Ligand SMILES: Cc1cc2nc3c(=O)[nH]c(=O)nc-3n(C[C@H](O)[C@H](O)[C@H](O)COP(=O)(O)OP(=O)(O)OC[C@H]3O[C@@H](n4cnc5c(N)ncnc54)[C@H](O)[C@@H]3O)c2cc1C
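What follows is one chain in structure tokens, specifically the form predicted on its own.
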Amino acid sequence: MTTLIFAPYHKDQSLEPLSRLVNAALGLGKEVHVATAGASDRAFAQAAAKLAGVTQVHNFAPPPTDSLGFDDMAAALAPLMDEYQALIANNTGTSKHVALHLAARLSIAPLTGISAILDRQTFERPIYAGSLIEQISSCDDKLIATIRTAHFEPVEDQPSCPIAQRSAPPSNRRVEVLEHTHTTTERPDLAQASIVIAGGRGIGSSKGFQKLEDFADHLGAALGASRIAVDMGWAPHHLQVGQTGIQIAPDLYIALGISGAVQHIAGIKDAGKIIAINKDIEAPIFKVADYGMVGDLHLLLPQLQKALAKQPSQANKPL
């Protein structure tokens, strides 16, 4: 079985999600190809070609004055599917949308949010905010699926495989992209960080959320937020952790003022260790936390920061 991975590129993107996707694809068969798209040069395609298990890379280069829409990219991938039995993509952002558009074009029922591959036709995925694991199988001749990459380990490097340069079709969209705005930060990417510091309702305000930044910077951690913190406007949406945000699997997750609703737990249940600070001793977060502190985080956080100030900063240091 030959599997095609769809891997769109965006500025400052980490290769790790793609590396994890390759590991997932190897669970379907030994032959793995990658279709990259969106990069103005071949650097991302060249990096993909060095992932162990990848034997071919197709690099789609959109016109420099235009960005392809989801259906445009699906149209570019559709002819390739004659050569493949399966296509998988990340379960977030552009990857998910393109996979679903492609499934519609090919009249295939897509499988979404896959967390485990049992065999070529049988898969697992969490449902009901992660409280149950569903086992499903595909009845179509071809498979299109989106994968929760946090459930798979990255692969090693290998000598580079061949790269085929392909031209993307002209866009048929009626909407013109005027500008892309990219937020840069020196903090680790939330989806890939080893340590994540997240704030919830107990933070109290946007100023309270800003206090987490020094704490996160000292630990070399990424910032996260619960849905209520995002809904209140204290944190941007791209920092939201949970069922309707990002599902993460850091080595250490520190939840500050987060009650731990089932939708939030669904996004952190794969974390290595969970530390929670909450003034409500009945908060659900304590049921999943490895360590918990009951108290006012506004009093406890300065004490933690004072204690950490005596320790060397962990910023930019691997665990």
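Numbers follow the displayed sequence, beginning with 1. All of these numbers come straight from a predicted model, not from anything done at the bench.
Beyond the structure shown, there is the form predicted in complex with the ligand, which is absent from this document and is the topic of what follows.
Only one listed stretch (150-158, 90-98, 201-209, 117-125) carries heavy atoms within 4.5 Å of the ligand in the model of the complex, and that stretch is 201-209. Contact annotation for the candidate site: 192, 223 and 269 all lie away from the ligand in the model of the complex (no heavy atom within 4.5 Å). Shown alone here, residue 249 lies farther than 4.5 Å from the ligand in the model of the complex, counting heavy atoms only. Shown alone here, residue 28 lies farther than 4.5 Å from the ligand in the model of the complex, counting heavy atoms only. Taking non-hydrogen atoms only, residue 46 never approaches the ligand to within 4.5 angstroms in the model of the complex. Shown alone here, residue 297 lies within 4.5 Å of the ligand in the model of the complex, counting heavy atoms only. Proximity to the ligand in the model of the complex, taken as a non-hydrogen atom within 4.5 angstroms, holds for one residue of 273, 279, 50, 42, which is 279. Residues from 255-270 that approach the ligand in the model of the complex with a non-hydrogen atom closer than or equal to 4.5 Å are 257, 258, 259, 260, 261, 263, 264, in the order they occur in the chain.
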